[in-house]
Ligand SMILES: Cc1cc2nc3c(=O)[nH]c(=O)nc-3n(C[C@H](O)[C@H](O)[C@H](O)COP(=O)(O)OP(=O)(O)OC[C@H]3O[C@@H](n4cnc5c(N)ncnc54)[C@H](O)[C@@H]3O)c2cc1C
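A single chain comes next, written as structure tokens; it is the form predicted alone.
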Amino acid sequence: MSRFSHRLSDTSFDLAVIGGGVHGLFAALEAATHGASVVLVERDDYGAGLSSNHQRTVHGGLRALQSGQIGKTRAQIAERRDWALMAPHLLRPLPFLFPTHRALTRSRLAVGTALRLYDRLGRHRNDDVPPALHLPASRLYSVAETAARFPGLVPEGVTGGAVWYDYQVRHPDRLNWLIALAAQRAGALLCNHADAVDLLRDGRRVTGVRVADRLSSTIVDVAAHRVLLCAGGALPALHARFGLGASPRLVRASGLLVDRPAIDMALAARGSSGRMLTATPWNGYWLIGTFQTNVPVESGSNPRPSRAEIDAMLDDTNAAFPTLRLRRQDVRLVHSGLTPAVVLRRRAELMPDSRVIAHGADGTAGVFSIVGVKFTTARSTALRALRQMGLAPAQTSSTPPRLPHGHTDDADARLRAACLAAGVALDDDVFTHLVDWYATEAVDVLELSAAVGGLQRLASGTPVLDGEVTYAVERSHAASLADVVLRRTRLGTTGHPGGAALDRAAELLTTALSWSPETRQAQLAEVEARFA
């Protein structure tokens, strides 16, 4: 934060956003776009919580339709389309298959009727969307078609299958950063690894935020007319710290990336817990979820599940998808975090809808909170909060913002031209990786990598270049090994990238950030623990 301390202390902002997950990032982007001066502070890194640890899908609200919420379904279909317009390079259509049964509510008749209504509500889902992202109509499969696509399906009571389409986010951590970059380009000042330690008040009115830089221990008082808390699972802790009420209850939500080859179709089935699980293909493996605790947890709880909880998730998965036959050693990566919940009939369930809380009744006017629960609806929730705060018009453009580098725009041709101009010959897998991850930013990455002598692979077996680590620090706010491995590059997206890659990345960061040997070892230990 020392890079920004002068601007923080010398500027009075219209809005201070606390929390750099997807809701906070969209709040910063939309407020800045509509003319407000904005600062955002994030205790860890942008998108380090549940904004990266989700099922990698953008949903169209089919579950809401099951409970008769037609308006909510229509809104989520529109928001799903908005994602396809904002960052088409980072999305892809994905079919979902759910077996139908003899029970009335899960019968072919009932499910088929619901899907026809769903398609009718979504008849404009492909308007202005690139053809590669057009979502086909839903359809019903026969028993034979369903069995052929659903490994290990227990045929008893199965009458066929239902298929619908949503979007999969191909690189969610990259997408989170592009929202941050868009907010920065719109004029917002973003500070990661900076903790909001207190609110500044003048009587019953907020006047700003006291911010502590976690990297340098610098403390700065930031003047702001309004404060928006978007801290995800840390929201109750912030409410307690600031003396605010209306805190949500939390559950631990988790997903398992497992070492089993996946087909290119998501499968939905009920586990032994009674909850519906989804097996989603992710870079060739299955991502299973969402699991959650049955009782609320405290805000300060470890977001990572215990070994016993992971064992229970594996049992649940094996009941839903018996051919996987998963064991502990088959788990490549655990995605987890704390998320808002409600308690129904003494059992905790995920909160169904996001909320916006005005804290004037708590004695602190000008402070609001977003209790965000859905990645798909993050932008609309942020706009709702900004409207309540007087920072966004009642009606906004129907065209969502185009995120930087979220479109291909002939990225491969541009990179080939840049390679030719620089006299650089990239291996095919490196070239494909750069276009796939960075799109139109690949040329900038190549040029900086060449300038710093970083065109060699970080380690054998990975297409990631040394220069990408340097680029992450100099151009993308990376300040830790976890920032680079888990969010700015693809190194850790499917599990441990290997000791050689981690050591080399740590070596480059030690030079770039002037780390001591002790800091380097602590950084390595932190990342190793993430994959344990």
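The numbering used is simple: start at 1 and walk along the sequence shown. What you see is a predicted model, and the numbers here were worked out from it, not measured in a lab.
The form predicted together with the ligand exists for this protein as well; it is not shown, and the discussion that follows is about that form.
**Student:** For the unliganded chain shown, is the site open or blocked after superimposing the ligand from its bound pose in the predicted bound form, using a cut-off of 2.4 Å to backbone and C-beta atoms and a threshold of 3 ligand atoms?
**Tutor:** After superposition, the ligand sits free of the main chain and C-betas, so open.
**Student:** Can you work out which of 62, 478, 50, 501 has a heavy atom no more than 4.5 Å from the ligand in the predicted bound form?
**Tutor:** Contact residue from the list: 50.
**Student:** Would you kindly say which of 175, 238, 279, 389 lies with a heavy atom within 4.5 Å of the ligand in the predicted bound form?
**Tutor:** If I apply the 4.5 Å criterion carefully, the residue I get is 238.
**Student:** Any chance all of 171, 283 and 497 sit within 4.5 Å of the ligand in the predicted bound form, going by non-hydrogen atoms?
**Tutor:** Not one of the three qualifies.
**Student:** What stretch, of 63-71, 468-476, 36-44, 501-509, brings heavy atoms to within 4.5 Å of the ligand in the predicted bound form?
**Tutor:** One stretch meets the cut-off, namely 36-44.
**Student:** Can you tell me if residue 57 lies within 4.5 angstroms of the ligand in the predicted bound form, counting non-hydrogen atoms only?
**Tutor:** Contact check for residue 57: yes, within 4.5 Å of the ligand in the predicted bound form.
**Student:** Check whether residue 375 has any heavy atom within 4.5 Å of a heavy atom of the ligand in the predicted bound form, and answer yes or no.
**Tutor:** Heavy-atom contact with the ligand at 4.5 Å: present for residue 375.
**Student:** Taking heavy atoms and a 4.5 Å cut-off, does residue 234 contact the ligand in the predicted bound form?
**Tutor:** Residue 234: contacts the ligand in the predicted bound form.
**Student:** With the partner left out here, check for me: in the predicted bound form, does some heavy atom of residue 196 sit within 4.5 Å of the ligand?
**Tutor:** Residue 196: contacts the ligand in the predicted bound form.
**Student:** Across 23-40, which residues bring a heavy atom to within 4.5 Å of the ligand in the predicted bound form?
**Tutor:** The stretch 23-40, when checked against the ligand in the predicted bound form, contributes 23, 24 at the 4.5 Å heavy-atom cut-off.
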